[in-house]
Ligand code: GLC
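Only one chain is included here, represented as structure tokens and corresponding to the form predicted alone.
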Amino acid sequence: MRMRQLQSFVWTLLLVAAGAAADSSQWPAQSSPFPADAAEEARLNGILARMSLSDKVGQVIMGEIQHVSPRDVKRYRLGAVLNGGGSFPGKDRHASAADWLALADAYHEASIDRNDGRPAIPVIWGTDAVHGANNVFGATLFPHNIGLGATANPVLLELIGAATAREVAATGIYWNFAPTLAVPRNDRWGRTYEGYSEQPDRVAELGAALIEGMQGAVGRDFMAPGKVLATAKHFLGDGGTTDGVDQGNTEVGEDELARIHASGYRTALGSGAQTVMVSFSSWNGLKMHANPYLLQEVLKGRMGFDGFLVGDWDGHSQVPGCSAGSCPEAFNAGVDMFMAPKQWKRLHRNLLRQVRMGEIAGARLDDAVRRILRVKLRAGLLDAPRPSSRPLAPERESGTVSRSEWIGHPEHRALARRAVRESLVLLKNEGSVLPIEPKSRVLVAGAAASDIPSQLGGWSMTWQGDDIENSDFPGATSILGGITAAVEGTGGTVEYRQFSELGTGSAASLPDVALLVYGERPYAEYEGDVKTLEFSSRDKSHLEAALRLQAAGVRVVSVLLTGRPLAVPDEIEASDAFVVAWLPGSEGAGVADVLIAASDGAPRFDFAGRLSFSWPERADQAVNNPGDEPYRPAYPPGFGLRYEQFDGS
């Protein structure tokens, strides 16, 4: 008891300090893009009036599908469920679209099954489809956001948002926990690859485009068939924590927080984002899950957000004095829906008690429930039939395409391959070794060349993107597969080896060019936090191979797979050409589209990618943004070479 009182006292001091320094005039003054609708609000009033206290408490809780059955949804009237990374219907990672859809139907039917005269409110299912429907067997996986940032192409982002929405909706899910709008300022952070750029304006432009593709534009095609709700996350400052520590403390002034870290939310809300996810992180020592100033006064007040705020995975439990099963502080601060994967029953019980005891005001509970219902109403979910009965696309577009055929649809894979091409950044091309000439003898080396999980990164079938293999991604193409098809298609030959297998050999056996593929192993969130930006400190076999090949007179092309800018000066020096491929997703063959010339020797596609992050010279340059002092990048944002104009001679 004394510990709880002490924690509450300290927390009160932090709240007072935050309030004393606050100035909401620094934040953009906005209003909802949805016009006021008196009829809708009257309907919400009617629903609220007929709900019991238990019904209302159920609406503000979301549990995880491994811990919530359809029967639970019916009994507790839960407002939402989610599947975490690596969680599947029946715990089967190869569950089909039909399996996902059947479970979605079961949850929906359970949520509306009642005969007591109280309102039947459909449940909503949320998922982390952060680079395509990445939890679903056979889905199209797009490049992670850091690669999409290098394309600087909002039209492409809108198309990717729409394709992702179709594949998610094909499983019966209509709420996606994406996009991440973080502005990473320290590249040691394990979620750097979830950011489009270190530049706030780039984040604002691309995030808004993805949202409009995913859920449609307000007043045009918002939540039309095949669209799903987007989530702007994580509010706020998750990309600015001290030392790049995930879920850490962002120690900046309010001006910097608003000017840099809120940039993407300004455009996201303007594009109609209806849900915002709260960050695990803190601002100047105060956990975002318990920051009423930023959640209520700034976001819901000054910025005009009238959707609902959802917490992150048990994020409320990190508030001092709270636990996974109890946190009135977070709810009172403005969190409208708890993400409580396992402890949702205990949370439900405690919320009931806290409302009855006055720890949570009835008006605050009504506000949260109204916001959740408003989003469900705007999205057409209050009146929608079971997911399997909802149209997935306008008839003129869908034709005879079935739901399951939208998963990994050829049009989506072609779009993802285009995104790979447009995201590649060329840092070096001495002697115009690229594009690789027709009929060349090409050596491809490195396990990453043939390993599809290496090109996917985290949030790919599993949370960390580990414990998976090529067979888990039917229809995907590896970088090696793409190179082999392109080279052999122009009359050349390809040999594949591991770095340890490479020797210099005789002059007659040497290849014309060696293409080395290497990079970071997949990771997600705090598992990906690093101490420095040195690449592969324990294993330099890729560098040793490059040096041996160069010494033998072989031209070396390096392709780096990475979720962050890395200090690789020795690798660049040991390469005649150096390409940053980021985390390209399931369509690795897109790399070959740019690196391998056509049969006449001309580039098939030019390099289009430009750095959206500063590239470091040294491993200790984790904080390396324009305006920082000192600022000495090896390559600044916007850098990226192109091929010289091909004249056909």
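Source: prediction; values computed, not measured. Just count from 1 along the sequence shown to find any residue number.
The same protein has a further form, the form predicted in complex with this ligand, not shown here; the description that follows concerns it.
Chemist: Of the listed stretches (432 to 440, 535 to 543, 272 to 280, 450 to 458), which one has a non-hydrogen atom within 4.5 Å of this ligand in the model of the complex?
Modeler: Contact criterion met by 272 to 280 only.
Chemist: Counting only non-hydrogen atoms and a 4.5 angstroms cut-off, does Leu148 reach this ligand in the model of the complex?
Modeler: No - in the model of the complex, heavy atoms of Leu148 and this ligand never come within 4.5 Å of each other.
Chemist: Is Leu82 a contact residue for this ligand in the model of the complex, using a 4.5 Å heavy atom cut-off?
Modeler: Leu82 belongs to the contact set for this ligand.
Chemist: How about Glu525: is it within 4.5 Å of this ligand in the model of the complex, going by heavy atoms?
Modeler: The answer is yes: Glu525 has a heavy atom within 4.5 Å of this ligand.
Chemist: Looking in the model of the complex, any heavy atom of Phe177 within 4.5 Å of this ligand?
Modeler: Phe177: contacts this ligand in the model of the complex.
Chemist: Tell me, which of Ala330, Met339, Val369, Val298 has a heavy atom within 4.5 angstroms of this ligand in the model of the complex?
Modeler: If I apply the 4.5 Å criterion carefully, the residue I get is Met339.
Chemist: Using a 4.5 Å heavy atom cut-off, which residue among Arg77, Lys287, Arg417, Arg191 comes into contact with this ligand in the model of the complex?
Modeler: Result of the distance check: Arg191.
Chemist: Which residues from 234 to 256 come close to this ligand in the model of the complex, meaning a heavy atom within 4.5 Å?
Modeler: Sequence-ordered list has one entry, His234.
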